[in-house]
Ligand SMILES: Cc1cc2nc3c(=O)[nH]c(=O)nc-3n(C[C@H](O)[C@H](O)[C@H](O)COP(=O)(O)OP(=O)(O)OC[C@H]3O[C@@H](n4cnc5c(N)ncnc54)[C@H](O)[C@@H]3O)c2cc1C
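Before any questions on binding or motion, here is one chain by itself as structure tokens, the form predicted on its own.
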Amino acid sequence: MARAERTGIVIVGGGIAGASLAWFLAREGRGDVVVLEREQSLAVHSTGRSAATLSELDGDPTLCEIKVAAAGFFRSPPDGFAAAPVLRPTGVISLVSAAAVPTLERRERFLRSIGLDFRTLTPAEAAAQVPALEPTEFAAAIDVPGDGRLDVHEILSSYYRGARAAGAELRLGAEVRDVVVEAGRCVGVATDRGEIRCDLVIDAAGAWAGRLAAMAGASPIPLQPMRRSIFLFPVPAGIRCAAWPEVISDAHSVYFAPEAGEMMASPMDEVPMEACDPSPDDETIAAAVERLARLAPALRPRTIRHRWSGLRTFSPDRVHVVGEDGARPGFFWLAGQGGCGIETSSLVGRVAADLILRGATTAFDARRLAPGRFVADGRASVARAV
């Protein structure tokens, strides 16, 4: 039998979650890291299929706090992080329905308390920025001018460039087939290329995170992958939209934004499904076209040029799961990133690295992310990779 390989930390999943953790570990001098990605190239699944948007506004207070705390990294990355700017601040406008107006003042107070730079617009003011909007379809809008489009390729590449410089290794086409457990503790993984022993196994497997946890006998946290679709269509003649911000309307279940000379839009669909390579549904796209036409009549698409789908994986409370499993020492969750894994990676990666190396973090209240919140006795262990 071949002798098992040995390293300090194995990260399963080469998407944005695993990449950001590897980078933050590298910043602390930890290069004894192996990242395993099953696909033959990076960004095949969720990371590569995102809308590539920094949008700090979120209906969940915890996620909103995380996004605001993470955003500064992308606006002003650390020296040497990236070869080019990673954020283009086009602005993001979130429309407020009449039904949400009674709670708008309370929401504004919360947003100010966490440091979000925003302004509230009237429908006329929003339509002045995006003339295609029908002002009678919404009651107000929240404009976050510092948000905008992220360069996902540059961010992902930069995380890996920094991690590799410290000695971390990324292996593509490496499938984990089992998790090795001895005396109740995870001590490695079995891959299609052989066994790797380690001090800590990181579950950054995205839509497949629940399957990896089951292999390890970790806590049965019910993560749910959900399909989200995006489509591109030609900008109608006579409309100049290159400088428009992204527009999000929860009430219409649609968002849209200029994208490389065309218009990008999403039905904001959330269809539960098993981990897979999802495809968009024609009826879902068609229904979104009608909702978009009601919100912005001049943008009604005549043809759809391209469409795609990806999986966004949610925990039961829709907030990230970060921390060592209380029932399975040596197994560390970095999962349930929902639809905001890229824009939160600069904070969540740091939190995970802090917990691994020091057992605590000052970056965020890690109890709000801990896997123990889904376990009856709430047990949580402290992960330190020695």
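Residue numbers run from 1 along the displayed sequence. On a predicted model such as this, the values are computed, not experimentally measured, just so you know.
Note that the form predicted together with the ligand isn't included here; everything after this is about it.
The unique member of 296, 216, 230, 198 whose heavy atoms fall within 4.5 Å of the ligand in the predicted complex
Result of the distance check: 230.
State the residue from 328, 30, 350, 38 whose non-hydrogen atoms include one within 4.5 Å of the ligand in the predicted complex.
Selected residue: 38.
Might residue 174 be said to contact the ligand in the predicted complex, defining contact as any heavy atom within 4.5 Å?
Result yes; residue 174 sits at the interface with the ligand in the predicted complex.
In the predicted complex, residue 208 touching the ligand (heavy atom, 4.5 Å)
Result yes; residue 208 sits at the interface with the ligand in the predicted complex.
Contact between residue 252 and the ligand in the predicted complex at 4.5 Å, heavy atoms?
Residue 252 lies outside the contact set for the ligand.
Can residue 204 be called a contact residue for the ligand in the predicted complex at 4.5 Å between heavy atoms?
Output for residue 204 is yes: heavy atoms within 4.5 Å of the ligand.
Spot the stretch among 58-66, 357-365, 332-340, 22-30 with residues whose non-hydrogen atoms come within 4.5 Å of the ligand in the predicted complex.
That would be 332-340.
Any residue of 293-310 that, in the predicted complex, places a heavy atom within 4.5 Å of the ligand:
Going through 293-310 in order - heavy atoms within 4.5 Å of the ligand in the predicted complex - there is one hit, 310.
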